[in-house]
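Before any questions on how it binds or moves, here is one chain, the form predicted alone, in structure tokens.
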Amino acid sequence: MPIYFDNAATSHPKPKGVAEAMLKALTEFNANPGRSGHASALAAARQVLRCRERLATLLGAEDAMSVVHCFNCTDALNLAIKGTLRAGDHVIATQLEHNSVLRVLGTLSARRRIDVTLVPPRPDGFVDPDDIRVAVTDKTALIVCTHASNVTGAIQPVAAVGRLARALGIRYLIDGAQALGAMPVNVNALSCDLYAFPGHKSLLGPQGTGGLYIAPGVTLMPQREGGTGTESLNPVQPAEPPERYEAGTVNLPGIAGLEAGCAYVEARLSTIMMHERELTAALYEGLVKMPGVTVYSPDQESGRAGIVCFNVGDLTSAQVADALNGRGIAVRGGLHCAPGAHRFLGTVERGAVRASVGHANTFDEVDQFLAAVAEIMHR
């Protein structure tokens, strides 16, 4: 079987229960949740609620109604950013952000609606909260920070940034795409108002799922309007969450699969985290010892998510990724939809190779991977 080291893009394999839950949703209670009062519709609604409650537990959120189902993390980030910002606002984000943040901000900026400041990381790859403090103006309405870089895996000081935002009364959004399900998350301890996440990465759910935590007292402008199954005479979206943000039919099979993935993670989070940390350490240590290989991920084990980013000799990242693919190893080369991170690394021209581990990877696979990289280096 191929060695799959592309879990930062989407996790594989999924636990067996994920597909089983999706099939059950399609065959046993295949109805529209919240739209009818018959038994199947009620069973579907209960499934949606169970997933919401499971997500709230993983987020450390006290109220499950603060978790909104979205189509993916990008959808959640669009809701959080566009639902917050108004003409003339100023937003601070980091240079490490994914295009799911940068393109939203770039579009709003191009329309001359907002001003954007991108704070670069320090030389060690971590953003300094003091640099964010310096960038604050009297028009700053939002601070956005990735929890962990999807390029280098560097875990950012999101709690310290949260304390700063809370002290200044500025709304704070965390992009948890590479964090939730891979490490403990507590939205209260992080002092965040908004936390966006995908379902298909470390939560081990299917693609087309994700969500947004919205803290109590935080109201966003909805980005979609339509049917909710409630307040049908109301000409505008209902005021109460989560219906305020969930117009249209939700992805019931996907949500069923996501709940199964979340249940698997919740029962094993500490074990998964330690296993992935040890695998990542083995990858990192093996690569840094190879002459001619440049590793961009942080050297401290506690500061990395399950990602090691590197280049081999003078080869492009595409050449290395293709050579590994030919040896039955799946990684990702390129810019990883995070151009600012590659400008920081100096890898815009050739990109970088990203190896990202998951719950099912093994140390034998790490050994095979390192042997393949050494072979490519000396071919």
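In this text, all values refer to a predicted model and were calculated from it rather than measured experimentally. Residue positions are given as counts along the sequence shown, with the first one as 1.
There is also a form predicted together with a small molecule; it is not shown, and the following applies to it.
Asks: Using a 4.5 Å heavy atom cut-off, which residue among Ser100, Thr280, Gln156, Ser297 comes into contact with the small molecule in the predicted bound form?
Replies: Filtering the options by heavy-atom distance leaves Ser100.
Asks: Which of Ala182, Ile143, Cys192, Leu77 has a heavy atom within 4.5 Å of the small molecule in the predicted bound form?
Replies: Of the listed residues, the single hit is Leu77.
Asks: Based on heavy atom distances of 4.5 Å or less, which listed stretch (238-246, 285-293, 198-206, 110-118) is in contact with the small molecule in the predicted bound form?
Replies: Selected range: 198-206.
Asks: Just to confirm, Asn251 within 4.5 Å of the small molecule in the predicted bound form by heavy atoms?
Replies: Asn251: no, not in contact with the small molecule in the predicted bound form.
Asks: According to a 4.5 angstroms non-hydrogen atom cut-off, is Asp175 in contact with the small molecule in the predicted bound form?
Replies: Output for Asp175 is yes: heavy atoms within 4.5 Å of the small molecule.
Asks: Can you tell me if Val187 lies within 4.5 angstroms of the small molecule in the predicted bound form, counting non-hydrogen atoms only?
Replies: No, Val187 stays farther than 4.5 Å from the small molecule in the predicted bound form.
Asks: Is Thr94 a contact residue for the small molecule in the predicted bound form, using a 4.5 Å heavy atom cut-off?
Replies: Output for Thr94 is no: heavy atoms all beyond 4.5 Å of the small molecule.
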